[in-house]
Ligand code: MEV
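Shown below, as structure tokens, is a lone chain in the form predicted alone; questions about how it binds or moves come after it.
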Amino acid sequence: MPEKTSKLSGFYKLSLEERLKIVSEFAELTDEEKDAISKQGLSLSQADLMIENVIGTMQIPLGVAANFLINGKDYIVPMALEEPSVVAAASNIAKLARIKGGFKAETTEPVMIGQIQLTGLSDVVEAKEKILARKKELLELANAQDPMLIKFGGGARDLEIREVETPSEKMLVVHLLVDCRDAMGANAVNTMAETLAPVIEKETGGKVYLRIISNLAVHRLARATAVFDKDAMGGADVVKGVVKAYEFSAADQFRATTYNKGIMNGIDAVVIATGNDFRATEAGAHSYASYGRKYTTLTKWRENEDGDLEGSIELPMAVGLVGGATKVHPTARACVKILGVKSASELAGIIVSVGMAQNLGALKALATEGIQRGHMGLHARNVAVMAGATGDMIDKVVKVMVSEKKVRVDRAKEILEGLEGNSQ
């Protein structure tokens, strides 16, 4: 049996059925799992159990990014999103990364922060000392709330205390650090924080209000690096252009915001496909971009001594493989199987690698032909359909709009009317 590879030449030229067949063989999907991907994977009865007031489901396109080689392993990466160019850009950059060995990814331990807000203290220093004096007992109490997490090697690891100055008072915020293993961890962390709150109140005489997880997961980071051959990138000028675009973005908040949005185009698409919480991921990423500094970029790029392009990315990545939609949603389960991941840390490494690939795809386009040229053709198809084009007429309308560089609904309607008139 041939060795599995994610290097898929001409994959985009294949039919939908042929693409699904290749991915199914790569991941050894069952017929049920294939149906969960190609048909409506989430039933109305399942959706009704997930959120309130259900009236239906809303589907978005699910594609796969090819060519990813991460830590020496091949991955076909499911991506769920509606924006054109993203999957193609990620696949293209992943192909370039393979030349120099692909992406190298790593993660820290999967530790999340549970915050306990303590107010109304007459002596902040004394309260802090009292809490720390009972740290061992508090950690044992927290761990008693989730024996399954302890069984799998996780659990509450430490307590940290911060002083926070507010307009009305100086309060203490207790940080409970919890190793969540392969779970995102919100339920476990929140339960532990809620359990400790009354004990801390009694010990200090203060009043606890909030006791909840923080999505700024500074202890749960994912990182990736890669080197891109200068010739494969298009030469020294392209490498320089990418570095200059990065330097501008790193120094300017207005540019950094859209720059990071491009990174999240890739990251969110994988997070959604695997049933994880993209809102938590977004919040943590953008907060980390300004953590202890002014808002800046989540990736870094430089030209190395060989003239090649070197990139790195680092951000919080609190994703899980157990609990939530990851286990409930049939399509998410199938997407996880396509990835073949065995741990949340492995998934996090894949996700940040995709984010970096998408970032470079955008930077390369901006530094050379401009973002619109590559984006225009795919966007033009949507515009042509909005104008009423169907079948072969879609491609004909697209061809004219792209050649004119006028991708607008009104122009699409004019072109369509002209083509239909000529065919009569």
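When you see a residue number, it is the position in the sequence shown, counting from 1. Bear in mind the structure is a predicted one, so any value in this text is a computation, not a measurement.
There is another form of the same protein, the form predicted in complex with this ligand; it is not shown, and what comes next is about it.
Participant: Report the residue, out of F103, F228, Y75, Y259, that has at least one non-hydrogen atom within 4.5 angstroms of this ligand in the predicted bound form.
Facilitator: Spelling it out, the residue with a heavy atom inside the cut-off is Y259.
Participant: Among the candidate residues E83, E109, E303, D123, which is the single one with a non-hydrogen atom no more than 4.5 Å from this ligand in the predicted bound form?
Facilitator: Only one listed residue qualifies here, and that residue is E83.
Participant: For the spot marked by V270, T326 and K342, is every residue within 4.5 Å of this ligand in the predicted bound form through some heavy atom?
Facilitator: So, no: the whole triplet misses this ligand.
Participant: Does A380 make contact with this ligand in the predicted bound form, using a 4.5 Å heavy atom cut-off?
Facilitator: No, A380 sits far enough from this ligand in the predicted bound form that none of its heavy atoms falls within 4.5 Å.
Participant: Taking this ligand as it sits in the predicted bound form, is R255 in contact with it (heavy atom to heavy atom, 4.5 Å or less)?
Facilitator: It does: once this ligand is placed as it appears in the predicted bound form, R255 has a heavy atom within 4.5 Å of it.
Participant: So, in the predicted bound form, is L366 in contact with this ligand at a 4.5 angstroms heavy atom limit?
Facilitator: Residue-level check for L366: yes, a contact with this ligand.
Participant: In the predicted bound form, does N265 come within 4.5 Å of this ligand, counting heavy atoms only?
Facilitator: Because a heavy atom of N265 falls inside 4.5 Å of this ligand in the predicted bound form, the answer is yes.
Participant: Just one stretch in 64-72, 358-366, 394-402, 49-57 has heavy atoms within 4.5 Å of this ligand in the predicted bound form, so which one is it?
Facilitator: The contacting stretch is 358-366.
Participant: Given a 4.5 Å distance limit between heavy atoms, list every residue of 164-189 close to this ligand in the predicted bound form, or none if there are none.
Facilitator: Sequence-ordered list is empty.
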